[in-house]
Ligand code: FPP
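Presented below, as structure tokens, is a lone chain in the form predicted alone.
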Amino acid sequence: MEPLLFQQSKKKPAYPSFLTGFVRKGVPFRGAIDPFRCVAKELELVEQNLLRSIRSTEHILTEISAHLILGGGKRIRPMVTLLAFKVFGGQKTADIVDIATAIELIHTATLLHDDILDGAEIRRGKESAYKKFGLKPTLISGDFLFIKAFEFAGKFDATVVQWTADACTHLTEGEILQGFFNRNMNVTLEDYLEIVKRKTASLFQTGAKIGAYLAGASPAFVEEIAEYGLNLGIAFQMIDDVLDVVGHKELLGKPIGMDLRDGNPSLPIILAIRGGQRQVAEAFQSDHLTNEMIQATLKAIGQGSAIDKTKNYSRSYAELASKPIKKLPPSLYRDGLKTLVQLIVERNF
């Protein structure tokens, strides 16, 4: 008998309309193309792949995987992969759906492992897999999803397999590098960017790159769209950092202040310390923070200039992401890629 959670997954998922959500919040996107709707059919196929891929004779693996995969998620990485494929006229939908699935499985696996490393209790608005199922089953489930990802990516040529493997390598290197700068006052903006490029942006970059490659784009355009993915991923992480300081738990699906609590060198923290905010420096170095201390420090960061500066950095990388898109011929998918950049830097969830 299948686990109850997996039985429930047979319902059609309720996908978000990214643009509609922002329009409701009063963000001006007149005439913009909703990137989700550009590839909604393909994302539905990705979702079906995800549900099939997590089936296991060991039901606990299915249960833990489904707990996170069915727990929401914006599917931005698969969306970037699909849009990059479509913008260059890609036709073999089944191929790119498999790659987009692999990218999302890798991302999901890293979330499971991240929650273990961070001791996180909440993920996507509910109890984390680590909290619900324990360390060992969650760790093994993350490994399970990595393996499943290569069931999809491993069927392609050596170039695609290598690029996917490289992305996984960058993810692990980024995690180690972040750990090295944990509560480390010597961390610089350059160190931060190197962490983000590897830990977050590498999957955006790889998905975009493979999408263009499988569509038959020229090597020059493959590199151009890879730069789009890289800079989009950096901008995305910077806004994530902002939201960890001034966001809302109900919208984020997790508590704010996690970077400060865990000693992770987020950009607002780095900029606040560099701006001479002694309270932030002391909190960043402490591994015995109370909730009251965390809230007081977040307030201090919010009252300084670090949040505005981080947003400006994010907009700069968004502009870098937009440059390659301007070189592409007009199309629905080009407009989707363009709007996605704007949505990333304006989001509040």
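Quick caveat, the model's predicted, so the values are computed rather than measured. Residue indices: 1-based, along the sequence shown.
The form predicted in complex with the ligand exists for this protein as well; it is not shown, and the discussion that follows is about that form.
Student: Since the chain is shown here on its own, which stretch among 218 to 226, 111 to 119, 88 to 96, 271 to 279 would lie within 4.5 Å of the ligand in the model of the complex, judged by heavy atoms?
Tutor: Going by heavy atoms within 4.5 Å, the stretch is 111 to 119.
Student: Considering non-hydrogen atoms and a 4.5 Å limit, which listed residue (K199, R261, R75, K148) is close to the ligand in the model of the complex?
Tutor: None of the others qualify; the residue that does is K199.
Student: Exactly one residue in L171, I234, V187, V245 has a non-hydrogen atom within 4.5 Å of the ligand in the model of the complex; which is it?
Tutor: In short, L171.
Student: Any of the heavy atoms of K126 lying within 4.5 Å of the ligand in the model of the complex?
Tutor: Contact check for K126: no, nothing within 4.5 Å of the ligand in the model of the complex.
Student: Should K132 be counted as a contact of the ligand in the model of the complex, where contact means heavy atoms within 4.5 Å?
Tutor: K132: no contact with the ligand in the model of the complex.
Student: Should E175 be classed as touching the ligand in the model of the complex when contacts are defined as heavy atoms within 4.5 Å?
Tutor: So E175 counts as contacting the ligand.
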